[in-house]
Ligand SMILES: Nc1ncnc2c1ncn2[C@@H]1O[C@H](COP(=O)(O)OP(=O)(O)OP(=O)(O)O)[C@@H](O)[C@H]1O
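Just the one chain here, laid out as structure tokens, in the form predicted alone.
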Amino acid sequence: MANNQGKEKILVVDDSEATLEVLQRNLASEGYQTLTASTVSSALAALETTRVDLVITDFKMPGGSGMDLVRHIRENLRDTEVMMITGYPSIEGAVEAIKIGAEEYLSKPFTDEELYAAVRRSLDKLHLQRSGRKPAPQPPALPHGMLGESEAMRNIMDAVGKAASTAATVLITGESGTGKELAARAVHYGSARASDPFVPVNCGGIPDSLLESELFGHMKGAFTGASESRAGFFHAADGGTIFLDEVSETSPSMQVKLLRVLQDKEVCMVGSNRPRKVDVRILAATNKDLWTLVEKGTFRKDLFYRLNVITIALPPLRERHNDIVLLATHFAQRFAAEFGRPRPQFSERATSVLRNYDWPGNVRELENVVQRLVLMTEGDIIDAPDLPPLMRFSALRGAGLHRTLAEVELDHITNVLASVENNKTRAAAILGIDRKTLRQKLRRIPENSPS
């Protein structure tokens, strides 16, 4: 296990040695200190002697359940968060665990990214509780961690607030990486259902042959391999909200079943003829134009109208220029704290590149870029040469079409200077001018002269 003094400490509880080994290895690779326990009793013994920030526990274990562990932690440990991992046979129990205090739950199997994201959310909440403050209203903060000061994001804030105040179905649209799930969480946690489960489902990530069983559950013997009855995501979300991400990827037959749920508020488990009432609010998202799919005949018009009661259209990052530096600074501070690195600042040249880059991957791409910069940049200043080459060159190409010749010339000069660590003699040689001419050009626009 990596030596990560000062990092968050996580206790993983599972009766499977293989699961413990995988989780411990993955969490250690992210910089967390990890402990393991194979039973509830050994987990309780560890908690008596060790201060733990987060407990990740399986639900069903011999000699005591994860539910007992969650209850013990909530009753006895104020400064420890809990996360549940579970298979579908126990999903209803996992939902109950959330209601008594587990911050997150993950259904097996889950991806590494899903694990890391859930861990970060749990620890972020713990840090806020310890600091005695509410989520930071960085200028200006939008609901549930959304950040932005552009007019586009203020409009999104208004739309989220209005959607949260109703029980209507919401369709969230936007390119990949714009934060559709974050907006859905903001709607849920701003609504009257905030204390009940929020269940995200990636419809595009589940094979169509399994999606019905995953969403609605199945009865024992319903199909080969169905050795016992299992509840589905709609049962797990009862009383709360289900988020159907990439709903455009569902098949026509599944669209008919979703329409029935919206109309009748009932789900029927695979292999059963008895529908069951569910009280679930549906939020859906897509990165495609659903109306175009309706016109092509690949998405049902009646389902489109049922989903599209309220629409929240998330803008791409390239239309949020005023938010780019704010988001980059936020991510830099977060990753610096997470990895124990100095808090970096962005130079004016780096800031210019960030603003002018097209960001095809949107906020997710920006987050990944900043994470890499925090890990790889020496010192506490991130300058233009530290940015990925494609980003620098792409940004300069786009910016050059809308700038004066003097601005383009100055940009080229400052980039050359940055590439030779501000050595004016070498820069002048590369530019094909003498040092005197170089100084004259820099003095023409003193506010942009390199230091």
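In this text, residue numbers run from 1 along the sequence as written. Keep in mind the model is a prediction, meaning the values are calculated, not measured.
One more form of this protein should be noted, the form predicted together with the named molecule, which is absent from this view; the next part is about it.
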property	result
The named molecule in the predicted bound form: contacted by all of 110, 212 and 257, heavy atom 4.5 Å	no
Touches the named molecule in the predicted bound form: residue 122 (any heavy atom, 4.5 Å)	no
4.5 Å heavy atom contact, residue 319 to the named molecule in the predicted bound form	no
Heavy atom of residue 331 within 4.5 Å of the named molecule in the predicted bound form	yes
4.5 angstroms heavy atom contact with the named molecule in the predicted bound form for residue 166	no
Interface segment, criterion being heavy atoms within 4.5 Å of the named molecule in the predicted bound form, picked from 357-365, 293-301, 234-242, 370-378	357-365
Interface residue in the predicted bound form among 158, 266, 348, 181, criterion: non-hydrogen atom within 4.5 angstroms of the named molecule	181
Residue (of 147, 115, 261, 201) lying close to the named molecule in the predicted bound form, criterion heavy atoms within 4.5 Å	147
In the predicted bound form, residues of 161-175 near the named molecule [heavy atom within 4.5 Å]	175
